[in-house]
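In the structure tokens that follow, a single protein chain appears in two forms: structure 1, then structure 2.
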Structure 1
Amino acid sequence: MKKLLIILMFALAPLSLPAHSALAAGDGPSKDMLKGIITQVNAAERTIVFQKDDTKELVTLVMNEKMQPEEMKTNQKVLINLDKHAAAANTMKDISIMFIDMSLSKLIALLVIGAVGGLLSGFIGSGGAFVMTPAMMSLGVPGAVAVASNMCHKFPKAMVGAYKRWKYGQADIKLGLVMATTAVVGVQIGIKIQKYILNQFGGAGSNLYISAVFMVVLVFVGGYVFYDAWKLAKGGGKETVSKLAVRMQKINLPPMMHFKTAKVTISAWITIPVGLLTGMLAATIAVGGFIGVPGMIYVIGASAVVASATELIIAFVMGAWGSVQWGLSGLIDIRLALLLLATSLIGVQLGALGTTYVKDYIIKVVMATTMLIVAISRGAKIPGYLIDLDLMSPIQESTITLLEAISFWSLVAALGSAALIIIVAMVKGMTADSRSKKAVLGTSNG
């Protein structure tokens, strides 16, 4: 217990770090963004007087040529991005209203994606983030607020899911905390790389890098997980420890760590890189679980059930840390976070109990299916980024619209198909279980 507390303290220590500016998952927002209220609009001069939220300081900002004075809403919290390359100082690049008006359809949309994301999270340990942020953005939520609110809903969801799966004897707390600590460090490294790419190649270059990493990781890892799951399904579903993991476990390089629930003894020098990579990937593609879970299965040697349960502990620590970072900048729309939580807390527990009814390889099937379909979604965006970088000749507007549609709907398909597999497998498992119980009762009574 004492040991666990020490690990927990280590894992939570980064929470006290100050906010950094960053792009992705685990960290805070960009410094070029202003948050506050427009107090005055000067239509003739095309300027506005803006009061910063944190310092209450008043600044005059210039509208860009596309902006209309009528669009400038006063007395409403807005987010403004400044155009660093504009001729005049303090020129606005874009402006967005921070809090969307909550209509009934938006409310229902949030509840539905919350439920499906929760189900997936409880079952495979991660999932949801890759669709929740874009979904919120398509409802009109500014990007930074969408990322922040998703983060704030992720950690309580992961906490509830991790607790449930720990109760079922599936989550390895020690492994989770060790992975989480190293992953937090990995996030920092990931952000450094991202910043370097952003400075060197600009926004389009950075987008291309993110998409390329996304595609490569998802296609390779997802493909391998799928192949493994298919092999298991054919062989009757009996899971064996991967050859790589067996070899890794044989490396006797102190300090050796023993993970009770995962039933693994392995050198810390193997565990740390897996955690670092998880964090680095979380900073790049916002879904660290897509490398963390396969890493725990194939490199460390945990079973799919234990790996996916342990991932929830990692998600909790990283989500809590990220939420503090975004909270420091005041960008969390708590309404969005709580509406997602309303259904995702039910979904995550349903997903968690679902794992007790299915064979281990079903978890791999769901994970691989999601990863491969999400890869299509990202792949559809690559031509757009290549055009931005002048690496490809421009294509027709209609083709771009089509690619955008493919990208969005494949995300929906990823979630939908994953949810369907989980529900079907769960119902099958439950029916088989109740039938065998009835049979036992029947023979003892008869």
Structure 2
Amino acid sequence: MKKLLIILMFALAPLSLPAHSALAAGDGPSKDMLKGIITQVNAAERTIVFQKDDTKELVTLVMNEKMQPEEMKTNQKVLINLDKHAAAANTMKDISIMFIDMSLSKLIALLVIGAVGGLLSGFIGSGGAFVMTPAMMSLGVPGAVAVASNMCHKFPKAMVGAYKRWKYGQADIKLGLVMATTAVVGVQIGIKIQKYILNQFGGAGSNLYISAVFMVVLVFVGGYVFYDAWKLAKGGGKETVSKLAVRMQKINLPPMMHFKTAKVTISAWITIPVGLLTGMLAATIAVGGFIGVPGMIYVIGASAVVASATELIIAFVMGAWGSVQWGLSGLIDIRLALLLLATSLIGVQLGALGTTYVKDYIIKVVMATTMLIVAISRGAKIPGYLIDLDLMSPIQESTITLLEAISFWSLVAALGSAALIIIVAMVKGMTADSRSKKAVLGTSNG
């Protein structure tokens, strides 16, 4: 307990820094980002009357040369970024609708996304955000709102999944809490990064950042996990501790901590960078699991089953903390959070059940396959964001349409392939388990 208290003290110390420090992520949007409603549009003068959400003050804003008056919709809550470098004062740099119109097709899509995301969450330990966040963005949700809403739905789902996996004897509560303390600090840093990008570069900049980080991290981590799963499958499915984890466990840097369920004794300081990166990514792009789970497997030395279960504990703590932080900025769309939660709570229990019937390498195969396909989906969106930011020359409309189609259908493929692999693995595992029990019962009766 003393060792745990020492780690808690060092991990939470940065939270006592002044509010203007880099870790003070609870502040709202900067003065260059406005949240509110357009009340009037003057097409002749290319201006709008905007009511600020916090003070209800009415201000006149000027459209930039790319904006069209007919695109300015009144009585809808929007995010507006001001151009600090424009000649005219109060010139808009970027505008995005905060809360998308909810049609029947979008409602059904969100329920399906929640179900598959929950299935993934319970099975591989990630919150399913590397599917959910891009999926929401594909439906037209601004990047920052998708991240915030996904984090809000995440923590109750993670709590259910963590409890289920703990009941199966898979979750290491002590490891989860130690990782979560440093992950909370990472969440603070990540939210600050996301807000800075949103304030400086607007919605297009935020979308570009999220998509680029998604693509790079998913390709790197997904590729490595897939390679490791392939080696594990060739070796008969028996998981071994990675060479890096073995070296890390040999470092005798007090305080040393023993994690009973994970069957690991390691310096607490080794867990800190893994927790920080998990929290930073969770707050920045609403995804921490695909860093947290591989980190626990390849750096700390936990098995894939224990790592995926323990990550749900971390996700619960991070999700609760991050939701408060994003809530202070008013960027959570509660409709999205509740729709995702409605079906993901069912999916997470099915996913958790599935882990009791499959070998460790199947968990890695599902994680890697989904990551690599989602990387394609996000990569296809990047040219459009670069054009919006004038960082790339415009391309033909047909090419943009093709890239949009690739992004959408690759995301559908990611959802479908993940669900298919998990369901097939569950059915095979349950069938084999049933046959084994019948064989044992037949032998005992004979």
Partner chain sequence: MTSTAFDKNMSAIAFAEAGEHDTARQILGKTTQKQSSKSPAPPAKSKPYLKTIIFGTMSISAYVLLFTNEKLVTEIFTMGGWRWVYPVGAAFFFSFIHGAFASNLLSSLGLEAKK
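Quick note, the numbers are simply positions in structure 1, starting from 1. Here the rigid core means the biggest group of C-alpha atoms that line up within 1.5 Å when the two forms are laid on top of each other. These numbers were taken from a predicted model, which means no experiment stands behind them.
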*Just one question: which structure is the form predicted in complex with its partner chain?*
1
*asked:* Rigid core superposed, CA of residue 190 - does it shift 2 Å or more between structure 1 and structure 2?
replied: yes
*Would the C-alpha of residue 316 be classed as shifted by 2 Å or more between structure 1 and structure 2 after rigid-core alignment?*
no
*Relative to the superposed rigid core, does the CA atom of residue 271 travel 2 Å or more between structure 1 and structure 2?*
no
_Value in Å for the CA shift of residue 388 between structure 1 and structure 2, taken after the core is superposed_ = 3.8
